[in-house]
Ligand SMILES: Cc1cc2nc3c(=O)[nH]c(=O)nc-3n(C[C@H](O)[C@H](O)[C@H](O)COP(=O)(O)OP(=O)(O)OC[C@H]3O[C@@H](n4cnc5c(N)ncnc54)[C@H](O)[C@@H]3O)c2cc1C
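Only one chain is given next, in structure tokens, and it is the form predicted on its own.
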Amino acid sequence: MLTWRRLHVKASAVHGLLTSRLVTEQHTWVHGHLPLCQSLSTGTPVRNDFFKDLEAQFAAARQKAADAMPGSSWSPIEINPNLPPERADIVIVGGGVVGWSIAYWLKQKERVRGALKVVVLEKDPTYAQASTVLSAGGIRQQFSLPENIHLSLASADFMRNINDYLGVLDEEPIDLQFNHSGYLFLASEDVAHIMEENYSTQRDAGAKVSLLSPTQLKEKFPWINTDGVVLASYGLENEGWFDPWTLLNAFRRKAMSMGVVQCCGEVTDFKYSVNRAMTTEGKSLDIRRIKSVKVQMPNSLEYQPVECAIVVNAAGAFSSKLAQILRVGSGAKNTFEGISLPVEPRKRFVYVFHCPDGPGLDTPFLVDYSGVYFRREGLGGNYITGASPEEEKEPDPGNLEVDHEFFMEKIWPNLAHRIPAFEKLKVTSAWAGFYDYNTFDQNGIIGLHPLIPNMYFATGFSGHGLQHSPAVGRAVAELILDGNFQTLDLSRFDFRRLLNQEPMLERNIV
């Protein structure tokens, strides 16, 4: 009996030491080394915690073993959750406002909810270089082409009723911060006749525009120096400016609520088939049909091929780079295969300045015949301004650095001449952004490429893509799903004008 008691005491001591050692190792892994008095603790609560942890580890081991069984979803390779899906019906390349507008209208027009799988790819998830958010945010009907005027009218109507279109249940209503102050164009004697022709076109299209003589201009806006002004054109409604970022996010939020998939990555290649066709003149043509796009993940060597039926090139200033991967424009000149996409990035500067004695709340978006524009930016005497440089003096588009000398030499003298109060101003900030500039005729290119029957283009808007995005998105969705334009006839914006060398020149480019 005495022997048994001694053995029992020794066994209990060993058990206590064993328990203490196990508890000490567990805490050391989590917290590091503990003081000796803590490591020798063998209290009941600690032992209970130990056995609970041990049971949790056994449960995790059992689950891992079950996951490794045939038929489970377990894989030794970790799957990146941000990869695009392997398959989609329509891939939209370019997550700017045009791309997201197209995505929204595609889902809006689908006959069965969830019938279309739409993916929007954007290579810059920060939107730090996005043309949409770096623009001046203006909208106007004062164009020279009926198509552009109708696009503006339709887009303005969309924005007035934006919550009817893009409102999301249980989300805050959308406030575009739309300022309805109108556009004011000033014309010199050399271009006054063009302004009169544009005015007739605008009125015929349904735009509310008024022509002002220098005397009428001075009466309405006494802060303007009318020297050199022969005629002015003033938008009476549906013109002004709004917050571009809010419009972009509204399209994106609504489209994603409808099932559109957003992915970050850059399209670096295409897989396509080639079929040879013969023209009526007996010349052979290579027809390329896209099978999939290769999406390179940001800051990674990882990529994902996405099989798709249709690709939409809404890549803006960099849409030509995408087209070149498919050898667009690689053939002989004056042939279908030689038609390149004439869109390139053009850098534009926007300067923010402060002038406490400047024009007040009635300030329109003014465009001088010198090319300089300005508008009010909020309250408190703040404004933004800019101008397009001369063709032969285009700045380097390889970066987004701001040229402050351009303001001093080209913008400020014209500003101070037209608005004498701006002789005393202070530049507070500035930024640069890209136009998706169409070098052929400064107008959008909308539609299919003749040699790529499943790639649609929506690019080359040369500075007015933001304001036209609601109507352009609807038009492209109609073209894809209905086979032709239903609401606005934009057929003159397709590739045929490039082949026929028939530019549709827009004379009111800012």
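This one's a predicted model, so the numbers in the text were calculated from it and none came from an experiment. Residue numbers here begin at 1 and follow the sequence given.
The following text describes the form predicted together with the named molecule, which does not appear among the structures shown.
The named molecule: the contacting residue among Y303, Y199, Y127, F336 in the predicted complex [heavy atom, 4.5 Å]: Exactly one residue meets the criterion: Y127.
Contact residue in the predicted complex, chosen from V350, M297, V372, L211 - any heavy atom within 4.5 Å of the named molecule: The residue in contact is V350.
Full three-residue contact with the named molecule in the predicted complex, heavy atom 4.5 Å, for V119, V260 and A471: Verified in the predicted complex; spot residues all out of contact, no.
Heavy atom contact within 4.5 Å of the named molecule in the predicted complex, the stretch among 119-127, 202-210, 223-231, 164-172: Result for this chain: 119-127.
4.5 angstroms heavy atom contact with the named molecule in the predicted complex for H464: Contact with the named molecule, yes.
Distance check, E266 to the named molecule in the predicted complex, heavy atom within 4.5 Å: Flag for E266 set to yes.
Touches the named molecule in the predicted complex: T132 (any heavy atom, 4.5 Å): Answer yes; at least one heavy atom of T132 falls within 4.5 Å of the named molecule in the predicted complex.
4.5 angstroms heavy atom contact with the named molecule in the predicted complex for P364: Answer no; every heavy atom of P364 is more than 4.5 Å from the named molecule in the predicted complex.
Residues of stretch 321-343 in contact with the named molecule in the predicted complex (4.5 Å, non-hydrogen atom): Sequence-ordered list has one entry, L322.
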